[in-house]
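First, one chain by itself: the form predicted on its own, in structure tokens.
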Amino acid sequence: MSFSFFKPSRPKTPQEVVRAVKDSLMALDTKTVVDVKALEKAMEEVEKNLVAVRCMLCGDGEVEPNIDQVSQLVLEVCKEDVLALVIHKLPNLGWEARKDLVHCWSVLLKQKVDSKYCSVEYIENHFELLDFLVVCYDNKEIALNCGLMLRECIKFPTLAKYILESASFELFFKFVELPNFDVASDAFSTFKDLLTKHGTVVAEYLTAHYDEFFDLYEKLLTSPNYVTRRQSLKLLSEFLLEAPNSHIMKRYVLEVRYLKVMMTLLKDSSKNIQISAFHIFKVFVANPNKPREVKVILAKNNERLVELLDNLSIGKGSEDEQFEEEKELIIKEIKRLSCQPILDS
């Protein structure tokens, strides 16, 4: 017969769980970090407390989460400024703790309390946290964690809008070309979400910042890095062809400098890049309101362009048939322009 001399411990309340997380994160101060034993003990506490938060938010595999406790936990996390604390302490956390944190972050943002996204509202009142997460792409140890957290934020229009209009957004043009491939790829995923998740928000941003944005974007399209050229060209097609951006597309295809970029990409050594470039180039050519400068460029380069397009093919199948039809129409229009009375340069 076995006897238990200890009563089972009382489950912690949401307030106690949040307080424990906050205290353990606060313990990761400068003094603790330089003392190896103290750091190990503090990290263990943080990991244990983040697991407790995760269990309360998501259940433990056997017991489902209690909705009332989850709501209370979300309110406490915001009230105690734990969202800000976890972001600022992120560089000090270990791998397991960061993994649990990212999972909790996703659940916290999506959780409604009385029809309100409390965590999102908290970030709306502390937008500097988004700037901090963006800048963390410069720290390869936590860059991927921050990327996941940012993409969760970008699902909400107000947060995406802030990042687009902040000074931090310009950093993405640097981060997508970082030498670390994993970090650069992750940064591009976040960059892509910013430009495709919320059509109206993106259209407003591009309208207000057209020149600055496309000046920077041209550098990606002409990058010596093949991956950067291919990804940025594909992304350009995606967001320019979105219905809310139709006025941006109409403005883009009036500009000779961008026509020249597409003509250069049509000559790229990569067939994939050539085909992606064609899908934007064709809009320049098919535009019924082509400015004189665009007509001049197309007419002067007609022989080389026709030769390039004649040699461009995507393979077999129905998709290829449509491509060939489009190509034929574009070649016909270029030839028509070249037969017009000579346009002064």
Partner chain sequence: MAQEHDQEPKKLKFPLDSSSYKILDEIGVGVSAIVYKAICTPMNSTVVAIKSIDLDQSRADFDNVRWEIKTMSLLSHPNILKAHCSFTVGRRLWVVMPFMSAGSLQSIISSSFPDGLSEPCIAVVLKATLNALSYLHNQGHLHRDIKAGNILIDSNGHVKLADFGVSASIYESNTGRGWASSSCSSRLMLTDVAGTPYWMAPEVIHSHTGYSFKADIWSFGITALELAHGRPPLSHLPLSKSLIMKITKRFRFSDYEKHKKDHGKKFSKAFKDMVASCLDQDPSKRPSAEKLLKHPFFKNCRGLDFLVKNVLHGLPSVEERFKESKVLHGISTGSDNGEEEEGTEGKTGSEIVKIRRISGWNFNEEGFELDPVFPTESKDDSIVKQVRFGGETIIRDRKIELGESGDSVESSGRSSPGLIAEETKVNAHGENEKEDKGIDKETMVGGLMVLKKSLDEQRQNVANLIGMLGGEVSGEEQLVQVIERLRMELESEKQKNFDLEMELEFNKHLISGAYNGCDTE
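Numbering follows the first chain given and starts at 1. Predicted model only: the values in this text are computed from it and were never measured.
Not on display, but discussed next: the form predicted together with the partner chain.
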(message) I need the one stretch from 128-136, 198-206, 176-184, 160-168 whose residues put non-hydrogen atoms within 4.5 angstroms of the partner chain in the model of the complex.
(response) 176-184
(request) Using a 4.5 Å heavy atom cut-off, state whether S270 contacts the partner chain in the model of the complex. (result) yes
(request) Would you please decide whether E47 lies within 4.5 angstroms of the partner chain in the model of the complex, comparing each non-hydrogen atom pair? (result) yes
(message) Even though the partner isn't displayed, in the model of the complex is V227 close enough to the partner chain, meaning a heavy atom within 4.5 Å?
(response) yes
(message) Considering non-hydrogen atoms and a 4.5 Å limit, does the partner chain approach I314 in the model of the complex?
(response) yes
(request) Find the only residue in Q231, S223, N245, Q72 having a heavy atom within 4.5 Å of the partner chain in the model of the complex. (result) Q231
(message) Going by heavy atom distances of 4.5 angstroms or less, which of H88, K140, K260, K219 would be at the interface with the partner chain in the model of the complex?
(response) K140
